[in-house]
Ligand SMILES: Cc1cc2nc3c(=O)[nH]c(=O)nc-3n(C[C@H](O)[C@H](O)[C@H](O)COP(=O)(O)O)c2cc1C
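Below you'll find only one chain, the form predicted alone, shown as structure tokens.
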Amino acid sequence: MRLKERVRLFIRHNRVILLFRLMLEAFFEACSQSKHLGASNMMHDEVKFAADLCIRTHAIEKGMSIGSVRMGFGQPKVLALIDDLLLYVSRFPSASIDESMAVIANYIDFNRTNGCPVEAVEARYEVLKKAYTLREEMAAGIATCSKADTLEATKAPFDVFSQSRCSIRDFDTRAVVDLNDIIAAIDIARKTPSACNRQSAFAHIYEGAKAHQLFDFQGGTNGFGHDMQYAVLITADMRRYFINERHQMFVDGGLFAMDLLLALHYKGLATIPLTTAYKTNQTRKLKKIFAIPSNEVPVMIIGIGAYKESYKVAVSHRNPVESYYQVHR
């Protein structure tokens, strides 16, 4: 091997040199993120402000879809949301808050119907109604679904099948989930595409108390985490990627996770995807507690349980298709 080729390979594969190259890439990436991430100057950027309001609005909506929901939940958060909605429409008069309005109205009706009026929220909502003119009536809050209809949809054409999958927070705690069905779903998901067929995604399956421990660690399943029977932590192996692909593992792992969600739905299991978007220290704790090798990155947690005969889901309004694409010619 010629000297020039040896030097090239040394520079490419030396760990210390790779560290400095990664630091440089991370610096430029951090410069971009410090400008564009939602935390930067959020209150003065319509899109960033709207994203924050969307997250908080959906938190109220999904709270109503929990099987054993506590009536009157989240009132301080709803009041704070209304205050920020008032600020938002004052700063961005052309912006729409129809979805948030619909969710809050459903929250008020939901609690009132269940014998828990939320007078403070109602009073503040009246102020919001005077400050904003509703432009479009839209479905929001919760919908009731039938297990029989859901299982029937798993046999339907893909456009019907895919639209029938929902994130579930209302589980049957008496029916038993068969581990073999989860393994069969993973077998289906093996066909998921990955960059250069590297197949880096991996599924760590936790059951019973260990699954509940993972849900508690994740922090987003209060009120329903212990109603699920299995947790699947999807990871991707960093060793199969190179410096220009340092985010590709999340793409490949995310594709696998989505295919697995659909496969689990096909097998008749109720599921919910849960984020693993942690800071570094929390990711280290996750790996240590749940026996994840250091070379793997957490991509997503999937909670798995059984369907009730009749169950609730969050409506989760979707924007029109025109907002999802642009044709370039």
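Worth saying up front: this structure is predicted, and the values here are computed from it rather than measured. Don't overthink the numbering: it's just position in the shown sequence, from 1.
Not pictured, yet referred to below: the form predicted in complex with the ligand.
Novice: What is the one choice in Gln75, Ser200, Asn106, Gln218 with a heavy atom within 4.5 Å of the ligand in the predicted bound form?
Specialist: Result of the distance check: Gln218.
Novice: Out of Ile60, Leu269, Leu260, Ile272, which one falls within 4.5 Å of the ligand in the predicted bound form, going by heavy atoms?
Specialist: Of the candidates Ile60, Leu269, Leu260, Ile272, Ile272 is the one lying within 4.5 Å of the ligand in the predicted bound form.
Novice: With heavy atoms only and a cut-off of 4.5 Å, decide whether Phe224 touches the ligand in the predicted bound form.
Specialist: Contact check for Phe224: yes, within 4.5 Å of the ligand in the predicted bound form.
Novice: Can Leu255 be called a contact residue for the ligand in the predicted bound form at 4.5 Å between heavy atoms?
Specialist: No, no contact at 4.5 Å.
Novice: Given that the ligand is not shown alongside this chain, does Arg318 nevertheless sit within 4.5 Å of it in the predicted bound form, heavy atom to heavy atom?
Specialist: It does: once the ligand is placed as it appears in the predicted bound form, Arg318 has a heavy atom within 4.5 Å of it.
Novice: Does Ser167 reach the ligand in the predicted bound form, with heavy atoms at most 4.5 Å apart?
Specialist: Looking in the predicted bound form, residue contacts with the ligand include Ser167, since a heavy atom lies within 4.5 Å.
Novice: Among 158-166, 137-145, 76-84, 233-241, mark the stretch whose residues have heavy atoms within 4.5 Å of the ligand in the predicted bound form.
Specialist: The contacting stretch is 158-166.
Novice: Does any residue in 122-142 get within 4.5 Å of the ligand in the predicted bound form, counting heavy atoms only, and if so which ones?
Specialist: The stretch 122-142, when checked against the ligand in the predicted bound form, contributes no residue at the 4.5 Å heavy-atom cut-off.
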